[in-house]
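Next up is one chain by itself, shown in structure tokens, the form predicted on its own.
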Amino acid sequence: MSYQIAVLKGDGIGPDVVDEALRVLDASGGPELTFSEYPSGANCFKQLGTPLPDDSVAACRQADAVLLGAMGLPDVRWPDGTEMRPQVDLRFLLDLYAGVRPIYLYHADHSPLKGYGVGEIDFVLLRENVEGLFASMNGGIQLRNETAVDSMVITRTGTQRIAKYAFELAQQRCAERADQSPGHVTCVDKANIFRSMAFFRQVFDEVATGYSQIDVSHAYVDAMAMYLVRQPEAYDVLVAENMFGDILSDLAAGLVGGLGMAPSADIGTDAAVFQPVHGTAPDIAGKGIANPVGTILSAAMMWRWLGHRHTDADALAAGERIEAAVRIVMAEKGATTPDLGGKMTTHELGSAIADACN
């Protein structure tokens, strides 16, 4: 099989880290990939008057998958003061409802928490991507420069599909574990205060009745921020509303070394975008010190998604080779970029992972 991949490198360090992910994909030995690059981001806005041209959106719709770098720059903003956010716009345009954020500790020295070894922090934060507080992103109200209002939107169908995704992901993770220990899904909300969150929990619990083999728990989002610091090993799959998931995903990334180590996928019924969690970091763009691991692991997620979607064992194996290569390289003390205390350049780390794929 062969796949068409749309590449949106974006702004700041986006091109730096995407180039290393492309290098690793070429070395991963999977099915044939054809990469086509399209303009997007804040610099694209400066040149073309839009951060996400229609042709780029059309290409993302037609591609088998999308590999995306960080987008946006702090000094390029809309008249209302908000930053360009084409990666978020793309989620809504393609209905990429599932934000998948794997959290895995690759080296004990990467975590600020003491006493955790490789793989002992291993969970997935699942974020509903197109509803919640983000649903009013382009429709908030500001009155007389005095009052501003954004609304929380929770729908039954939207909550059902993200809850179902969470339980099926827990089943998949269970099947892939050596001991096949039961999957566990935790609903993260604020159901004790907000009617919208009580509804989110109600619908989640209704979906849960169809997955009796999966353990279920609930946690309020403020308490979960503490639980993740105190006992991250206790969690398997967490599912949350858009904004809560956005906040917790950065906290979770901090447990395993920071945003440079955090991959993600935005997945819908008909399309998927793979990108690192981090921002554009314009202060270090082009300096060769950005950590490419989050983007490289996002590329591995892309292989896995293509493999499951098309029943392609070669694609699944390529994703596993990339993940194994990251584990091999990360096992070496100091084998990382300056954000984690290492001295490797972006290119050196990407090349080391590519070499380890062979």
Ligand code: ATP
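What you see is a predicted model, and the numbers here were worked out from it, not measured in a lab. Heads up: residue numbers just count along the shown sequence, starting at 1.
If you look for the form predicted in complex with the ligand, you will not find it shown, but the lines that follow are about it.
Quiz item: Is every one of I13, T280 and D339 within 4.5 Å of the ligand in the predicted complex, counting heavy atoms?
Solution: Checked in the predicted complex: all three residues contact the ligand.
Quiz item: Exactly one stretch in 190-198, 111-119, 283-291, 148-156 has heavy atoms within 4.5 Å of the ligand in the predicted complex; which is it?
Solution: So the stretch in question is 283-291.
Practice problem: May I ask you to choose, among L255, V216, L259, V203, the residue with a heavy atom within 4.5 Å of the ligand in the predicted complex? | Solution: By the 4.5 Å heavy-atom cutoff, the listed residue in contact is L259.
Exercise. Identify, from the list R85, K164, H107, H184, the residue with a heavy atom within 4.5 Å of the ligand in the predicted complex.
Key: Exactly one listed residue reaches within 4.5 Å, namely R85.
Self-check item: Any residue of 95-129 that, in the predicted complex, places a heavy atom within 4.5 Å of the ligand
Solution: Contacts from 95-129: none.
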